[in-house]
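First comes one chain, alone, set out as structure tokens in the form predicted on its own.
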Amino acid sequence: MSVQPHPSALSVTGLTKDYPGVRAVDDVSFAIAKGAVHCLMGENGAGKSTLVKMITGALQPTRGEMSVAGRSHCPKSTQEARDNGIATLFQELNVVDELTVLENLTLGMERSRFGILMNSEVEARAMQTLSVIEPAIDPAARVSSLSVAQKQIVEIARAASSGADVIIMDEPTAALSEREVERLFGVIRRLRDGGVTVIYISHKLEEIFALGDHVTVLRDGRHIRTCPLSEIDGRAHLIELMIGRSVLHDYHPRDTIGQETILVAEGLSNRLLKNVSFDVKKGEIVGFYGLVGAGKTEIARAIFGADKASGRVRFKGREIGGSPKEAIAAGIALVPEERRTQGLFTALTIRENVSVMNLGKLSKGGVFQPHVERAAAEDYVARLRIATHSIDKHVEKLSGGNQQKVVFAKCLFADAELLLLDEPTRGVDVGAKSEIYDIIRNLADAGNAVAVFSSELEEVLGICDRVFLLFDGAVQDEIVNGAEVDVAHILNVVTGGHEGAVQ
């Protein structure tokens, strides 16, 4: 169908977001046509999430202006953005399984008079919207009985029935099968044909070309280009716009990699992983690089025993995989992506956190030895250069980089020979990143094996000896690091292209 360019459904002018020492979005200006599927593209860290958060009122811009259908749009909250006609669907489903479809459709839009719910008009509009979008879903059904794709459609119907003119969809196909993706695309096209504007965020380039009318590319927080998809000459052109620069590549070959294979994974499969196989040598740093939904975290958790998966994991010649307790006992430690909620006891001190994974080392003859605990904590504070005046400082009061170092200290005190590092430098400043990279290299030089699971290409190319490229839950390619690295090839693979030359 033809896309009407005016008036703009949404426009941003000079939008900027600053954090201390970091400019996440830098003077971005573009407009989104009404009744179009507008794709938002960029590498991890390009500024997409920050931009969306400003549009939806979750963040306030440092400066700049926004407008919706020609009206000023400066929301102070997500509710205010919804009142202005902007709804958002995130990767994490936002439905209540215990309620019916209809109850979910009207949730938050209930009207009452004298304390009595008056929902007939709201319910009628919601049911009419659902019947247009997906008539096969029974409004009386429990949401818990629906598939993931059907739950997403319920969210879409709720947004549309609320009167939203703009619906933002962030990686909506991450957990869907190919058949469910096609069904979702049909729903999106029907919304567009009804005059609703869809802002579609995805790392899967085939989805962009199949669905999009227009595309906006961001890079390093800056606006690179906004144009019709018809003006983009295939995957290679779009990847070139996304990269637009040489990726910093300061890897130096290491001569401390051993010949002994310490870990072998064979055919790991679960709800997301698809026959994942690889090996890691003693003293080696291997990287797993992929975009959102590629399976990085799931591989780490499967090795650690935190998630169940079929297949085999052999560590030092012995098969493991039952539980995190078994993994820790064998000599494997996980530094999780969410350090505050999964990697630390924030209400405890540095001293108490360092020792928590190996309390047996602190006792002799069944008697706890506090001096051993203190000595261990002081040792790791010095070795990892944790900035603190006392080992009795609560970790919640440390900076992000120093919190991450405490998580490393926990793993080292547990005598780990294999460290699984999931996004090891997320949320830390540049100086702390450099120190963490030094820690990783030193660990590997000392004979430990390290697996880095990262969505930052510069990170894996800077410190990893080998890099496994992930897409859609599978290992698609393996890169041996060195002087010649084809970044365009890497981006092509992790966005769903075939191995070999970019098409």
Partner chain sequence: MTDLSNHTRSSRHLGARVSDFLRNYYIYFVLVAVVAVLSVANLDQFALFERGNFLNKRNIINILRVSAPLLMLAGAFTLLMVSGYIDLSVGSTMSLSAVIYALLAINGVPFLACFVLTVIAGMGLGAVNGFLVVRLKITPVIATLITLSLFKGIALLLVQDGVSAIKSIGELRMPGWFNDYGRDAVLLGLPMAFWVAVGVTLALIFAQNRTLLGKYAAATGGNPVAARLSGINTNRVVFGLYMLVGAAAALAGIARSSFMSLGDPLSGDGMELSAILVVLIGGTAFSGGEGRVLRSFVGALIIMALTVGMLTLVPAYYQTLVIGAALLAAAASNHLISRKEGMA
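Numbering follows the first chain given and starts at 1. Since this is a predicted model, take the numbers as computed values, not measurements.
Although it is not shown, the form predicted in complex with its partner chain is what the next lines describe.
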property: Contact stretch among 214-222, 309-317, 417-425, 342-350 - heavy atom within 4.5 Å of its partner chain in the predicted complex; result: 342-350
property: Proximity of E396 to its partner chain in the predicted complex, heavy atoms at 4.5 Å; result: yes
property: Close approach of P253 to its partner chain in the predicted complex, 4.5 Å, heavy atom; result: no
property: Contact test in the predicted complex: F304 vs its partner chain, heavy atoms, 4.5 Å; result: yes
property: 4.5 Å heavy atom contact, S363 and its partner chain in the predicted complex; result: yes
property: Heavy atom distance at most 4.5 Å to its partner chain in the predicted complex, all of R383, R466 and L470; result: no
property: Its partner chain: the contacting residue among V356, L107, A136, A124 in the predicted complex [heavy atom, 4.5 Å]; result: V356
property: In the predicted complex, the residue from R189, K325, R271, R71 that sits within 4.5 Å of its partner chain by heavy atoms; result: K325
